[in-house]
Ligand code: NAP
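Let's start with one chain on its own, the form predicted on its own, as structure tokens.
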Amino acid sequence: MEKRYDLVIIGSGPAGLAAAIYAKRARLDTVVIEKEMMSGGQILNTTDVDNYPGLMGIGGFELGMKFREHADKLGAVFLEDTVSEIRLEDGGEPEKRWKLVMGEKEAYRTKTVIIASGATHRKLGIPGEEKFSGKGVSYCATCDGAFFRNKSVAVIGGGDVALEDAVYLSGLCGKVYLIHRRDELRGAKSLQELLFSKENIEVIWDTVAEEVEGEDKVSALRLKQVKTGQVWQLEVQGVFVAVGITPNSQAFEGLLETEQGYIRAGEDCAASVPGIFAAGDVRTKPLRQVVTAAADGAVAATNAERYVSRFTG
């Protein structure tokens, strides 16, 4: 007999895990589909979380595990699979249409869906970036920083993540260069103050990276000053890319309305198709943090419960 669910949650980062907690408390028959072997999402790669209320300084991995432990204790079911698309059952009124979540391993028939698929690190797209990925080019300072102890590294970006990465690396590396294409940073003022207090961090303004150079591993960055056009070489052994994220929404293109790749959904987390919700980094929103992802998961699950209560298909 075909298994049917009240709710399928796609993704097991903070948004998906919070949604699972609220869904199980609401007694919804729920399954969480996670692409990776371990729950937690991007937070697993964060050393310290200083802005989650009541848990200042907790490690990102520890917080992610606490989220998962909470969901496990409530009986949430987790399955490892990769979702390729969502199909809608033909015919019927919007409030009566079943959804078919298509995975590589199986299809999941459900009344409602919460997409909490998160986002991935954006790449520079310059020569040498792919070649030296894992050989000096990294997208996670907390994962790989220890490999560059007492060495010179560059962080590329100007937002919160770039500043956090530079500050973190300053405690490990001999020299940290922050490469930013503008003449002012976009990160939080508190992070800027911390950054500028570090003697071994040097900001290189109005500059972009044009190529990652080396033989077997990274040895230098070729840089270009955007105002003067001057090109020069900066000797570094590591390059940390922190230029933003790309929402993991490709599987839902054509079905849902999007904005610059993000699923269009307001504070109620409702997407453009009734019964489908988006939570966390994958949806349109002004702030992408752990606390807002968790809030999204709670809101999405609550509204999914309301949808299920009206479902008569």
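Position 1 is the first residue in the sequence shown; the rest follow in order. Just so we're clear, the structure is a prediction, and the values are computed from it rather than from any experiment.
Missing here is the form predicted together with the named molecule; even so, the following discussion is about that form.
Exactly one of Gly157, Gly145, Gly128, Gly136 has a non-hydrogen atom within 4.5 Å of the named molecule in the predicted bound form; which residue is it? The residue in contact is Gly157.
Using a 4.5 Å heavy atom cut-off, which residue among Val161, Ile201, Val101, Leu223 comes into contact with the named molecule in the predicted bound form? After the contact test, the surviving option is Val161.
Which single stretch, out of 83-91, 70-78, 136-144, 116-124, brings residue heavy atoms within 4.5 Å of the named molecule in the predicted bound form? Of the stretches listed, the one contacting the partner is 116-124.
At the 4.5 Å heavy atom threshold, is Lys111 in contact with the named molecule in the predicted bound form? So Lys111 does not count as contacting the named molecule.
Using the partner position in the predicted bound form, report whether Lys227 sits within 4.5 Å of the named molecule, counting heavy atoms only. Taking the distances in the predicted bound form, the answer for Lys227 is no, it never comes within 4.5 Å of the named molecule.
May I ask you to check whether Arg181 falls inside a 4.5 Å heavy atom distance of the named molecule in the predicted bound form? Flag for Arg181 set to yes.
Classify Val290 as contacting or not contacting the named molecule in the predicted bound form by the rule of any non-hydrogen atom within 4.5 angstroms, answering yes or no. It does: once the named molecule is placed as it appears in the predicted bound form, Val290 has a heavy atom within 4.5 Å of it.
What are the residues of 235-252, in order along the chain, with a heavy atom within 4.5 Å of the named molecule in the predicted bound form? Ala242, Val243, Gly244, Ile245 sit within 4.5 Å of the partner.
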